[in-house]
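The chain that follows stands alone, in the form predicted alone, written as structure tokens.
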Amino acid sequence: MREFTRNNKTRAMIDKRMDVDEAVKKYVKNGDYIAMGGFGHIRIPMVTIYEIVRQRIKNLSVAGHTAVQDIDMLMAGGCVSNVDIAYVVGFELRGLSGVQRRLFESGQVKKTDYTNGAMSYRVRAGAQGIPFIPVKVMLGTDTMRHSPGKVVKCPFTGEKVLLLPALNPDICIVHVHRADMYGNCQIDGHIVKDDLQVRASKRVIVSCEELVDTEVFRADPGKTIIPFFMVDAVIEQPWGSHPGNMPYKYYFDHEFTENYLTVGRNKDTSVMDKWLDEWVYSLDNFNDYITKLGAAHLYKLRDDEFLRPPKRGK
């Protein structure tokens, strides 16, 4: 990973703007290991997820850490062969995913067990450039039965510790509130683990709600969560997390997600095939998807005083 970064990452401030289809075609390959930013339904990179499905990329391994709607769409599109699983089968308060349950139970998608904490530690090790990290999570649980972690004796205390392998994804995709053309990024609200994931990954595709001038970042550099030299592609795409939630921008689309879940739970898989054709394959790009949803529907997701950012100070 260190050698890859030295040989392939530049500190030059170059224009990295591109369309999502170009970014996916250039950086996401069959068989890649992929990590995704955000959490569950919140600030998920759906614009890039849809394009990966649209381009019919296959045999992906996925970090199933905090993922819900994004990984479900990749699995529905037949893009995934392996998952490092922490919590993915459930759609939180909405219940279980029919798509994931079917693919895991049938063995079409293989899984390796971790916990959310374990996956976070693996990402941290990858970001630090170390081969493994000693932790106490998972010890004494059945999660260990299907995990590659190694239990060893601490050379200092004699205690049992678990060694987890570092995680260095081939590609990380993230959706942020604003970015500049070089790849500097700001995130409003919780950053989850996105700062660590981009540091751990070989390639990074960033989509943003708004493309802004670099002076915005120079004026308050402490807000730069992701610096430009870690980013390979920048995509400007308003509503790019839909049907997910974008903090202080729009809520998740409950109606759309419930419809999707109903389709995914249908035992007749041709029903999902028709859904994918309507919402992904028959559309040229994400802007067509947004147009199909309609302005009236979308702006209902913004109609709430709680979308306002909190006031600073007293």
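In this text, residue numbers run from 1 along the sequence as written. Computed from a predicted structure; not experimentally measured.
Only in words, not in the display: the form predicted in complex with another copy of the chain, which the text now covers.
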Heavy atom of residue 124 within 4.5 Å of another copy of the chain in the predicted bound form
yes
Flag residue 212 as yes or no: does it have a non-hydrogen atom within 4.5 angstroms of any non-hydrogen atom of another copy of the chain in the predicted bound form?
no
Within 4.5 Å, heavy atoms only: does residue 80 come near another copy of the chain in the predicted bound form?
no
Please run the contact check for residue 164 against another copy of the chain in the predicted bound form: heavy atoms, 4.5 angstroms, yes or no?
yes
Just give me the residues of 100-133, first to last, that have a heavy atom within 4.5 Å of another copy of the chain in the predicted bound form.
121, 124, 128, 129, 130, 131, 132, 133
